[in-house]
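Just the one chain here, the form predicted on its own, laid out as structure tokens.
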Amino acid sequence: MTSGETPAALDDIRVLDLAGETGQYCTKLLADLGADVIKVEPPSGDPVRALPPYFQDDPNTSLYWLNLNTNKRSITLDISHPQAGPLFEKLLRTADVVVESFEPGHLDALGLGYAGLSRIRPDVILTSITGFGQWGPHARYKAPDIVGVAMGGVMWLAGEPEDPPNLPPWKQGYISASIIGAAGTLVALYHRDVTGEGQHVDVSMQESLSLNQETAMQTWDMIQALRCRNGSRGIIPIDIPGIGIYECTDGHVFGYLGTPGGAPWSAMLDWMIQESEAEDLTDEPHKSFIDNLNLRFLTGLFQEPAKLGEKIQIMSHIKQVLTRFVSRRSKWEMYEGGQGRRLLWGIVSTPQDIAENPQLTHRKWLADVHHPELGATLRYPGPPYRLSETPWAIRRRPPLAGEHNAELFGELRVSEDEWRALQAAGAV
């Protein structure tokens, strides 16, 4: 940190980023908290740089790469090259944390597993993020994101009941594993600060995804009931009017009417009456049904099996009338009208909605980052948390491959002759 700069939470920490796609969000989280994260790339550059989508259709400007690598510096160094060892050892002696996502045993074979690293720097923290962890019968199985979310149980629960298991979008397995990896790293840093001891943080993508199943595992363990895909219904196995996704004139909203925290369903009926769109819902048996349409009613829905068919028929009609009401309005009209009446309606936001959201705009959540090499300023997602004394910030754009070679090799006192010899050998 230079004089006059706002202190960052991790500005005294250096991280060596050896992670592939699985763990790059982990190191981004640490970098955005102020850690000096050094991306150690192969001489040809990290393969993630080539992944779409691209800025202005330029394959050299992966938006996926840019999003995952703010605040990092980059050097090119092939750590598997026989001549790279001394340079990597010099770099490691300056580092607090190493984050990697190689197959278990890969770094050990290079002499750079936890035992090898701790001989060079005894208090080092090694965070390993893999599909199934460092040991066990599946440890060496290949685990791209789709395998993680499948083996973690999330795919089974994702989608509508009539669908096959759905793949959640945009690498949720990698993101979940990276978040747990960052949390584990921070705990290990605290332990090191207290005791002086480093340690190996072993993160399994499969295990990291277990929280995303909510109570599905407990439901099986305790009552041997298998939770299945329910789509927008959630855990409720039948359609309840006002719970789920409804189509508007310009998108969709999600409703959760009649549940704790909001106004009762009768407030929705009052709104429909004010707009002269309640149709026959003020007539019996619909009016009395709506007056009692709450959580207590829902939990007792199946206690009278003989009346269940009649109840479902009434609910189906109420939902049809509500669907017509919502379909005549914009999503913002439904949201703001609902907020004014304490009705639980939320916008199903598109990426454009997020970028233009007035709450996020007011809080200046999106961060503008200038890219001189592109001649453009790009807008990035903002902080996942707000720290009053050591704020999150994007302090530098994502690096070009090897952009900081001269800077870091100079810091490590690598002579020009050594550097040229390593380049000629293909190690950097």
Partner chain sequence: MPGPLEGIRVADFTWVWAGPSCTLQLAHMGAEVIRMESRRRICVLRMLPPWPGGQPNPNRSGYFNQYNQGKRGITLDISKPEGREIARRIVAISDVAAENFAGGVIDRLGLGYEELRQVKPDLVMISMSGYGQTGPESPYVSYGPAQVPLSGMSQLTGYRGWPPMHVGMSYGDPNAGLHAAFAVLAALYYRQRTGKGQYIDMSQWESTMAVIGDGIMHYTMNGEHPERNGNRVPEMAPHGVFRCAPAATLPGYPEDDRWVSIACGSDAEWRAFCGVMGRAEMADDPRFRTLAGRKTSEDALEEIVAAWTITRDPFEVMELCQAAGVAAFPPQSNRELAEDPHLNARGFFVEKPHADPEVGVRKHAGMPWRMSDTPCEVWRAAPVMGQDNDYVFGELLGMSSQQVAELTERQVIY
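Keep in mind that what you see is a predicted model, and the values were worked out from it rather than measured. Residue numbers count along the first chain shown, from 1.
Quick note: we don't show the form predicted in complex with its partner chain, though the next part is all about it.
Enquirer: Choose from 250-258, 82-90, 306-314, 279-287 the stretch whose residues reach within 4.5 Å of its partner chain in the predicted complex, heavy atoms counted.
Expert: Comparing against its partner chain in the predicted complex, the contact stretch is 250-258.
Enquirer: Although its partner chain is absent from this view, report whether A267 comes within 4.5 Å of it in the predicted complex, heavy atoms only.
Expert: It does not: once its partner chain is placed as it appears in the predicted complex, A267 has no heavy atom within 4.5 Å of it.
Enquirer: Can you tell me whether L387 touches its partner chain? I mean in the predicted complex, with a 4.5 angstroms heavy atom cut-off.
Expert: Contact check for L387: yes, within 4.5 Å of its partner chain in the predicted complex.
Enquirer: Please check if S44 has a heavy atom lying within 4.5 Å of any heavy atom of its partner chain in the predicted complex.
Expert: Contact with its partner chain, no.
Enquirer: Would L30 sit within 4.5 Å of its partner chain in the predicted complex, counting heavy atoms only?
Expert: Residue-level check for L30: yes, a contact with its partner chain.
Enquirer: Quick check on this chain: which one of A158, I238, I120, V321 has a heavy atom within 4.5 Å of its partner chain in the predicted complex?
Expert: Spelling it out, the residue with a heavy atom inside the cut-off is A158.
Enquirer: Please identify the residue among A109, A115, I273, L211 with any heavy atom within 4.5 Å of its partner chain in the predicted complex.
Expert: Checked against the cut-off, the match is L211.
Enquirer: Going through 199-213 from first to last, which residues have a non-hydrogen atom within 4.5 Å of its partner chain in the predicted complex?
Expert: Stretch hits, in order: Q199, H200, V201, D202, V203, S204, Q206, E207, S208, S210, L211, N212, Q213.
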